[in-house]
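Before any questions on how it binds or moves, here is one chain, the form predicted alone, in structure tokens.
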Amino acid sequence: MEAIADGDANRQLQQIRTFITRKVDGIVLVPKDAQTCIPAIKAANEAGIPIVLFNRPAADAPGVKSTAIVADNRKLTRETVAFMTEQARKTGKKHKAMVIIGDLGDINAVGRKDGFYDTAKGQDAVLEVVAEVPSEWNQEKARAGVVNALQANPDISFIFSSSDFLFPSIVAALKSANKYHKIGEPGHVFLGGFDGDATAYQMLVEGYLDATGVQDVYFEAEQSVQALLDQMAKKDVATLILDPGFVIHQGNLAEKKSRMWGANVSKK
């Protein structure tokens, strides 16, 4: 059985209750956020049905039991920004940097922000972070923030986005400022992101994107099913299983693209 809630937590809770009524053996839940999924988890717990959370953990709540399969947001961001920084270092000059932050009510966004600063701190010879743009995962807010940051600091040459989802807004802002150039071309702005979506894949193929941290959704899907099977077999299952993901870039694109979910849904 499958149900789609379109980001509506109340609708999702009703869908979970329907699954429970129909006596399913296990549930994979893609939570809207860490808080609103808790009643659904409680309902599954009370019915004795194993439940796995895909790509986002629940907030701490007494007596609530689930297994979450989640990207290691902080570590993967750290690795992505480290790769970008090393590429920037090769230019022999210092770069002004911008980071686009997600919705900080989302634990995934917090991990990505922390991962960015884990790497950026101590890189004073290469990076100077001059702009932190809040997006709240909203395209219009992201675009306005990037436009304003580029106006205030027209020599920004290093941008990390907490989600590939925001690249259309970032690219539009760069184009309007005449700062969207391919890798190796004069004026290229180092670009990096997180997710591994189809837009990021196209930007890699076209030579504009330096790197992105890919969430290995195939690993996460496999682990979700295995966690359900293990719980059904009364085996001990960790409450958190981390997807290490991987950094994809021009140097390993041919090798890694088969595991990049965006490459498999892209038209290119």
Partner chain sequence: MTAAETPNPPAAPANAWQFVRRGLLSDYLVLWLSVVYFAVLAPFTPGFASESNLQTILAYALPILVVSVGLTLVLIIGGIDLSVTSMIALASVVGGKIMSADEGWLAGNALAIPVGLLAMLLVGATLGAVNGFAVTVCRIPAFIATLTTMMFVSGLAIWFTLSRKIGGLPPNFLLIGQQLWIVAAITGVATWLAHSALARTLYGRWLYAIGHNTRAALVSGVPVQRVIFFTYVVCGLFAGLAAILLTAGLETGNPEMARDNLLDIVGAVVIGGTSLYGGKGRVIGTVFGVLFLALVDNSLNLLGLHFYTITMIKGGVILAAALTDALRNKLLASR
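Residue numbers count along the first chain shown, from 1. Since we're looking at a predicted model, the values are computed, not measured.
Only in words, not in the display: the form predicted together with the partner chain, which the text now covers.
Taken together, the three residues Val171, Asp197 and Arg259 lack any non-hydrogen atom within 4.5 angstroms of the partner chain in the predicted bound form.
Heavy atoms within 4.5 Å of the partner chain in the predicted bound form belong, among the stretches 231-239, 31-39, 217-225, 203-211, to residues of 31-39.
By the criterion of a heavy atom within 4.5 Å, Ala9 is counted among the residues contacting the partner chain in the predicted bound form. At least one heavy atom of Asp103 is located within 4.5 Å of the partner chain in the predicted bound form. Although the partner is absent here, His249 lies well away from the partner chain in the predicted bound form, with no heavy atom inside 4.5 Å.
Put simply, Val265 is far from the partner chain in the predicted bound form: not one heavy atom of it is within 4.5 Å. When you look in the predicted bound form, the only residue of Glu136, Glu128, Asp118, Glu132 with a non-hydrogen atom within 4.5 Å of the partner chain is Glu136. Along 13-39, residues Leu13, Gln14, Gln15, Arg17, Thr18, Thr21, Arg22, Lys32, Asp33, Gln35, Thr36, Ile38, Pro39 each place a heavy atom within 4.5 Å of the partner chain in the predicted bound form.
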